[in-house]
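Okay, here we've got a single chain as structure tokens, the form predicted alone, with questions on binding and movement later.
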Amino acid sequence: MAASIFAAVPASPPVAVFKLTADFREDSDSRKVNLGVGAYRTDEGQPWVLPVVKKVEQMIANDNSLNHEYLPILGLPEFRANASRIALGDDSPAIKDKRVGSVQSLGGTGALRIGAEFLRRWYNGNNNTATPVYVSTPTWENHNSVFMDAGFKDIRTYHYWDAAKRGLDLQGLLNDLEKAPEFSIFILHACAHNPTGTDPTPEQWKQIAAVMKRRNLFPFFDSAYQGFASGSLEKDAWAVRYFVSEGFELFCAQSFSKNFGLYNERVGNLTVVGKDADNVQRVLSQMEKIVRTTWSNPPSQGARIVATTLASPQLFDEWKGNVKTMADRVLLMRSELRSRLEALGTPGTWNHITEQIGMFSFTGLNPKQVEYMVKEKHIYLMASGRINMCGLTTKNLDYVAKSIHEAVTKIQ
């Protein structure tokens, strides 16, 4: 027989975070700890189904009026409206002026992809493959891939992380904004920057917005952790709402994986804010065409869970309490890890552990120290030194802190 027509296909390297989890599962050492997984875990190290989600799932199961007919192409209307409402706020003038639209998507990644595909086709003209797209250094690895796969040819980076001071490089960021060509697209993390956990302050966001407005730069927010980062929906949406108040047209990709614990339901939304209702409706008409040939029609279960929860004042309050439970546990693990490292006299400063926010912390460990942690201590974390704070528990904190201390002390 002839050789396979797929014979020349090279094997792609595995996705790092999933490879890390696979390696963790195969490790038989009783001390092993997984600090790589991008999902919430309880203090017992287990996934958590939010109590409000369990309640709403029962409500949906018992609702005989529901069926499995197709949703509209753009998604469940009540989900889309409520998702955009929590991003922009109940009193958002943009919503009142009817210059907000949205698209239900397959998770936050799907929202990014639909937005990227639209921008490549229609942003500031058409066929915009040469428009520069800027992502932070570092950023979530999918940002680069999504925009490249959508056809953008010029993916650039902007300064963000200052490794020396383990914080935000604001001046470098502002300089890059100033130098970027007009109408460039900037991917901005709305809160809980992944992977650094370092966010601009409101005053710094104001400086960023001022330059972006003057330079005619387009903000594309990625909001994956609203409520989960600080425990406050309002605080975590501050940047997006401020940019809207400043008159920006913008996109905001929303994910409900983390803040609802609906990881495998793939619940996302792309919020579109335009100058007026007419512009938004034309944008949505083009996005509808993109969705039609991408997934054609979105799934309903996760969207119904979110929509039902957000539309009911009682369920909404219960959900906010559930989200605060998760956020508070992360904040506790941050303070506990920092206090242990400082008590051990671990070389360096560790205040960044508590100054960062959200699920992830950029520890400052270098690749050799990470390798030591994995191979010698069976503690699994990303090569960048990023750890998921939810992987820490009251049972493994001492072991992890001592292992970090060893790694920093022994390995330079």
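Just so it is clear, the structure is predicted and the values come from calculations on it, not from any experiment. For every residue, the number given is its place in the sequence shown, counted from 1.
There is also a form predicted in complex with a small molecule; it is not shown, and the following applies to it.
Comment: the small molecule is not present in this chain, but in the predicted complex one of T308, N322, S257, S230 has a heavy atom within 4.5 Å of it, namely S257. The contact residue chosen from G274, G89, P200, G107 relative to the small molecule in the predicted complex is G107, the criterion being a non-hydrogen atom within 4.5 angstroms. Contact check at 4.5 Å (heavy atoms) against the small molecule in the predicted complex: all three of N194, D222 and R266 pass. Shown alone, this chain has one stretch from 153-161, 90-98, 291-299, 108-116 that lies within 4.5 Å of the small molecule in the predicted complex by heavy atoms: 108-116. When the small molecule is considered in the predicted complex, R80 lies well away from it, no heavy atom lying within 4.5 Å. At a distance threshold of 4.5 angstroms between non-hydrogen atoms, W140 is in contact with the small molecule in the predicted complex.
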